[in-house]
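The chain below stands alone, shown as structure tokens; this is the form predicted alone.
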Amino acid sequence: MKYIRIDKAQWAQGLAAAEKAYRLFGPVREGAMLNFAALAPGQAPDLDGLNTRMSARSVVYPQSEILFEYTVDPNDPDGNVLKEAPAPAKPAAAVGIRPCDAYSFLLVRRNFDAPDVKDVYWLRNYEATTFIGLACDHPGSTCFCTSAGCGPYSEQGLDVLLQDAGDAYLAKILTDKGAAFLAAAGWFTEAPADSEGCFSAGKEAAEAKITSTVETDRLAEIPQMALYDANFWEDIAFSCINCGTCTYLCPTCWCFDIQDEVRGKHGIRERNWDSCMFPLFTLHGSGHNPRGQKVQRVRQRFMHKLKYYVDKYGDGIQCVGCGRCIQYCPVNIDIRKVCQLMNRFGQDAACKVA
């Protein structure tokens, strides 16, 4: 494994060099919040915060993405022909992405890169993105990544993992894509020989700071319909206002809608994020809505992440433990408590929300 030392005095200069070959994304401060967004020319990512409010999902899966363009002008030789929107001219680099967000793409890929159906837009964007992770030395109180399949120093889904070493970053090169990005930035200085020890010590210290966990060991064995008909869903859903905050901030949510936008004789077909928490999401053209009640939508969200995904893939939950939905839910619905209720279903004398 190769390690590179990046002097922070050379950080901005290196990013400026990388801009020639990559579209850069990273944490951007917007008022009191950090969001993961495109970096303006010469702008450095803000790496001082714990995590961004909006995840890095939009780097690969934009909130609005044009799929096709067309015209219905009979005088245009391309009239009535759907033309695929061109791909970005340069690949992308997500700089300062947290390990939990990087891991989320591996979970989401199962949906967009299935054996029988492949989403060419998602795959094109994902394969053209280099993920430069920043280890999380100071996890938050709502972080439970270590019990959700990853961790503050997880390397899953990353091309480079950075560790903040005070006046420098230590960069652990994990893939050829990562090495190519560092070369484009002009970062070649070899790190000290004890770099592996620094990463190991940092990982151990960071994981020790995570005190929040979820129980998932029984989720697979409990029958689906037993959980579907459980007696706690009304209590969980009582305070929910179906605002969709949890789904829009979640790095592993993938619901979308496709619609046409037409002006005059020209139009686009675009894909937009949607949410299972919205009443219109499952509204049929007939007017029937199979999830017309709030409790049905709340149940769907948690069943999908903590039961349907578990049963379909047999490998982990559809959650990386980033804690965003806990931190930003306006009515304090806590996925950790819901997971406990589901995992202990049939054991506790009374399955009620604490």
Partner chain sequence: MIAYTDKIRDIARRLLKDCRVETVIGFRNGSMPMMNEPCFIKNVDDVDHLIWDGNCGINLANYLTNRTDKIAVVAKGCDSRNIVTHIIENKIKREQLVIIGVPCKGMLDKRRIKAMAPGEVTRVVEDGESVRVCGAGFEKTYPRKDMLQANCAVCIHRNPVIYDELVADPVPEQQNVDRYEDVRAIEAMSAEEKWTYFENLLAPCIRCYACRNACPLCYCPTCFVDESTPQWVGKSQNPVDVRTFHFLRAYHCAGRCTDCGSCERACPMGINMRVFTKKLEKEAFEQWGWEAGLSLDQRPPLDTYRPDDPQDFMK
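This structure is a prediction, so every number in the text was calculated from the model and none was measured. Positions refer to the first chain, counted from 1.
Just so it is clear, the following notes concern the form predicted together with its partner chain, a form of the same protein that is not shown.
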_Heavy atom within 4.5 Å of its partner chain in the predicted bound form - residue from 181, 126, 248, 144_ = 248
_Within 4.5 Å, heavy atoms only, which of 224, 189, 80, 239 is in contact with its partner chain in the predicted bound form?_
239
*Per-stretch contact check against its partner chain in the predicted bound form, the hit in 102-110, 145-153, 266-274, 128-136 (non-hydrogen atom, 4.5 angstroms)*: 266-274
*For residue 296, is any heavy atom within 4.5 Å of its partner chain in the predicted bound form, or not?*
no
*Are any of the heavy atoms in residue 333 no more than 4.5 Å from a heavy atom of its partner chain in the predicted bound form?*
yes
*Proximity of residue 304 to its partner chain in the predicted bound form, heavy atoms at 4.5 Å*: no
_With the partner left out here, check for me: in the predicted bound form, does some heavy atom of residue 259 sit within 4.5 Å of its partner chain?_
yes
*So in the predicted bound form, are 195, 207 and 317 all sitting within 4.5 Å of its partner chain, heavy atoms only?*
no
*Note that its partner chain is not shown here; using its position in the predicted bound form, name the residues of 48-82 with a heavy atom within 4.5 Å of it, in sequence order.*
53, 54, 63, 64
